[in-house]
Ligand SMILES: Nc1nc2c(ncn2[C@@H]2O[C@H](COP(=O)(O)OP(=O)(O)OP(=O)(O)O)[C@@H](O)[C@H]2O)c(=O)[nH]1
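Taking the form predicted on its own, here's one chain by itself in structure tokens.
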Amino acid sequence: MSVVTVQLGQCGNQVGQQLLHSLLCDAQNGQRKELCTATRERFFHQDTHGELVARAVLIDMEPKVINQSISRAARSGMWRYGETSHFSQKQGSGNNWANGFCVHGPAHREVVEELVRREVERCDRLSGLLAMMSVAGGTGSGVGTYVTQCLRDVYPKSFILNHLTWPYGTGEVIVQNYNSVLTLAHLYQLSDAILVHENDTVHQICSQLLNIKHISFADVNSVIAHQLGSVLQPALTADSQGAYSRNPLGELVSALCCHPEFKLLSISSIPQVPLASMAYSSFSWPSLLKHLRQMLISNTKMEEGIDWQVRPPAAAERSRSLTAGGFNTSLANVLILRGKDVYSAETGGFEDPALYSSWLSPQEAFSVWKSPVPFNKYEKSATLVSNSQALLRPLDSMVGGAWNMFASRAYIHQYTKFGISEEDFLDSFSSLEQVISSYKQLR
């Protein structure tokens, strides 16, 4: 089954291009024919000349980043984007969600739906749609949300997973909290799952783990693409009977999002070391999994600086919440292991009932996927996709920041002039405050 990637805005197009390139490079370097075939079928199709063409649609209101993405793919000599699979205009959305959602989105609905329809019809079977976007600006968030709404209308039974790049807390755009609130509140009604990468966390990985001195957006996007690739590269699931999984988005959503109130997913990946250090690094499954488990329960996104004092609470202490400085309770987790001796890895530490809400048994809440093929030159690697309280703090901070601006009526006129009313803001605040409350009450 195939995935159609919809790349939206500057960030969505840059991350999408790096993701597709890394998936194909990794599959070919793995030298496993079945893995390479599964990756190609999932994310690419072949044209009449036998060239690999991405199952992707590129959308932006400005042409520059789309042109760069198309050129980079073509220069690789390994794959390319379709000649008519992209759409751009000459003027952006001005970092305004309302301009993207109310103006640009509706104006170009038909052409965007047609581009997606062509890619979907090239699939023998559609696994789902992966929409990649940021939440800070106008096109990625506003047009991205509108396009997601259109996809839900046109493909009501298909899985839709939105990948969101969360802005820096120090601020990239002065109205980023408004844009983020409006994006998340709407996507919660449309998407099956929302997978989030925080720029602050990724920047920290680049600085502290990868020792990059002058960090660029390309470095940040590369880390995001690596972590996404470690999830989306085909793997063997418990039900796959020795064949690579056929329905990646469906299996991910089914394993992690059992309730419509809980859709926020985060990723932790280990190890992450500079390429130059790879030859001198050695990793064991017990050590990797011990660190990854502690990263989960202490809500640490890097193996450096883990708080080893955090422990799963006793039953009587389950009322403690993450926001009170306690334990990160999970609703569900998917652990993905890749590399040498993968079948000897002991994953019982992730089946501990104390890690999870009492809603599900550990057998239902925890899934493990495996592949003996190393990922991205790591002899052994582990990635955890978690539906937990991990995103409570950034979500709470973002909603609080937006609410403070709204209370003083700052920049509201920039949104109302494009058709977003104050009631729309209040509805979005209410929706996300309910999400925050639900995650805080996970026991």
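What you see is a predicted model, and the numbers here were worked out from it, not measured in a lab. The first residue of the shown sequence is 1; numbering continues from there.
The form predicted together with the ligand is left out here; the points below concern that form.
- Using a 4.5 Å cutoff between non-hydrogen atoms, Pro248 does not count as a contact of the ligand in the predicted bound form.
- The ligand in the predicted bound form comes within 4.5 Å of a heavy atom belonging to Gly94.
- Contact check for Leu264: no non-hydrogen atom falls within 4.5 Å of the ligand in the predicted bound form.
- The ligand in the predicted bound form is not approached by Thr201, whose heavy atoms all lie more than 4.5 angstroms from it.
- For the three marked residues, Gly229, Leu236 and Pro374, no heavy atom of any sits within 4.5 Å of the ligand in the predicted bound form.
- Residue in contact with the ligand in the predicted bound form (any heavy atom within 4.5 Å), chosen from Ile420, Val15, Leu23, Leu432: Val15.
- In terms of contact with the ligand in the predicted bound form, the residue from Ala193, Ile224, Val181, Leu151 that brings a heavy atom within 4.5 Å is Ile224.
- Residues placing heavy atoms within 4.5 Å of the ligand in the predicted bound form fall in a single listed stretch, namely 215-223, out of 336-344, 288-296, 184-192, 215-223.
- Residues Ser134, Ala136, Gly137, Gly138 are the members of 119-138 with a non-hydrogen atom no more than 4.5 angstroms from the ligand in the predicted bound form.
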